[in-house]
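One chain is shown next in C-alpha cells, namely the form predicted alone.
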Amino acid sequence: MSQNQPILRLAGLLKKFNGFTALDSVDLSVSEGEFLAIVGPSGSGKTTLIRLLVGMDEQTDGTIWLRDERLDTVPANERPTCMVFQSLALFPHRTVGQNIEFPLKIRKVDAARRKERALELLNLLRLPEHYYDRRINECSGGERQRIALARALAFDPEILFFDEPLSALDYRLRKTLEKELKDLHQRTGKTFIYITHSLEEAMVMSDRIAIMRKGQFEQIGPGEEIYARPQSRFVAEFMGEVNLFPARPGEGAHAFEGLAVDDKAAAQQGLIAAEGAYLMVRPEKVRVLEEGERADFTTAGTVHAGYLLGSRRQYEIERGDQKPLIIEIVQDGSPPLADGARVRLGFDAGDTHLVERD
C-alpha cells in the first residue's frame, strides 16, 4: 500500500429504501490509524452508513474498499473489522473471559491462546486479571464498556466501528470513557470510525469529524477547523451557539444586518456581503465595549437573560426586531451584566467567518 493510500474508501455509496434515499452517493477516504467521528441529526444517514460498512445491509450502488480490495463483497462475518454496539451485546450470564474470547472461539482459536489473548486485553483495557472469571452481570457499566472493547479487539481487527457506545451512560462516566477511548486509540494505533449524535464526544476524541445531512457529508475536517470555518449555515449552527448576520448587499459591499462596520477591516478579511451569505461570529468572540472603545463590527442591545456555564457566563442580548445576539464572558470575578442593562458590543473581522450557503 502506498503511503498516501487510505485504509478505507467509499465511492458513490448509495442506499435507497422503497424509493427513499437514505444515503446519497457519498465518497469518503479514511487514513490508517485515524479516529473519524461521524455526527449528524436523526435521519441524516449515520446508522445507514455504519450498517453498510459492517455488512449488516447491502448498498443500492457504489463500492466500499479496504485498501485495494472490495470490502462490500465480503460477508460480514469474514470482514477484518469489528463493531461496538450501543447495547454492547455482551452475554450477561457468561464470564468476562468467555465474552472476550467469543470471536476467537468462533474462529476456532485454541483455548490456551484464547485465554492468553483475553488476559492481554484485560491488561490493555486496565482491568484486573481476576476479572477473567467474573460474570458480566457482576460488572459496572464502565467495566462492561471496557469488556466490549476488549472483545472487539480480540481478533485484531483492522478497523473498529462504534455505534454510539457511550450514549446510555451518565455524564461523569461518559467523560471518563471518552478520554480512555482516545488513549486506547493512541496506544493501539487502530483505525476508529465512531458514530455519535454527541458533538462533544466527537470534538474530544476524534482526529476529524464528518458531519452528515440528508444522506450526504456536509463537511469533513478537524473539529477546530469546522467550528471556526463552517461551510454552511447548517454546519455553523450544528457546531454550537453561533451569531449569524444576513448580508445586505444592497446597502454596501460589507453590509450585514444590524451591524456598524469598519469597511477597511472587512475588506482586508474578504468579508463581502454577497446575496445569501451570513457573517458568523461565535459568542466567545463578542465583547462588551467600554465607552470610546472600538471594534471592526459593533452593535447594541439590552441584556435579556444570563446563564452560568461553569467558567463562563452566557447572555442573550435583545436587539429590537432583529435576532438576539448571544455572548459568552469568562468568569473573572467581575460582576455579571444586569438584566435590562443597555450594552454596546463589538468583535473583530479576524474573529469572523463568511458563510455562503444554507
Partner chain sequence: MKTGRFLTAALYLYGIAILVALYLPLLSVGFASISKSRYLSFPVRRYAFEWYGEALSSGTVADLVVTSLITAALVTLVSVVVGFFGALAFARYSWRYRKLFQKFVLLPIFFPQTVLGLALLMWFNAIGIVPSWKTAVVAHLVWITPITTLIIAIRAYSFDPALEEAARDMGCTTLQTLKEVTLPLLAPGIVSAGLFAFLLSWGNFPLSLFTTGADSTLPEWLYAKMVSGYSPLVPTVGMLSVFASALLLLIAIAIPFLINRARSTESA
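Numbering follows the first chain given and starts at 1. Every value quoted in this text rests on a predicted model; they were computed, and no experiment measured them.
Another form exists, predicted together with its partner chain; not displayed. Remarks below refer to it.
- L90 is the sole member of V242, A277, L90, V261 with a non-hydrogen atom lying within 4.5 angstroms of its partner chain in the predicted bound form.
- This chain appears without its partner; in the predicted bound form, the one residue of Q219, T191, T196, T81 with a heavy atom within 4.5 Å of its partner chain is T81.
- Contact between R151 and its partner chain in the predicted bound form is found at the 4.5 Å heavy atom cutoff.
- Taking the partner from elsewhere, P103 is found to have a heavy atom lying within 4.5 Å of its partner chain in the predicted bound form.
- Although the partner is absent here, A253 sits far enough away that none of its heavy atoms falls within 4.5 Å of its partner chain in the predicted bound form.
- At the 4.5 Å threshold, heavy atoms of A265 stay clear of its partner chain in the predicted bound form, well away from it.
- Stretch 106-114 is the contacting one of 178-186, 266-274, 229-237, 106-114, since its residues have non-hydrogen atoms within 4.5 Å of its partner chain in the predicted bound form.
- Heavy atoms closer than or equal to 4.5 Å to its partner chain in the predicted bound form belong, across 23-55, to the residues R51, V54, ordered by sequence position.
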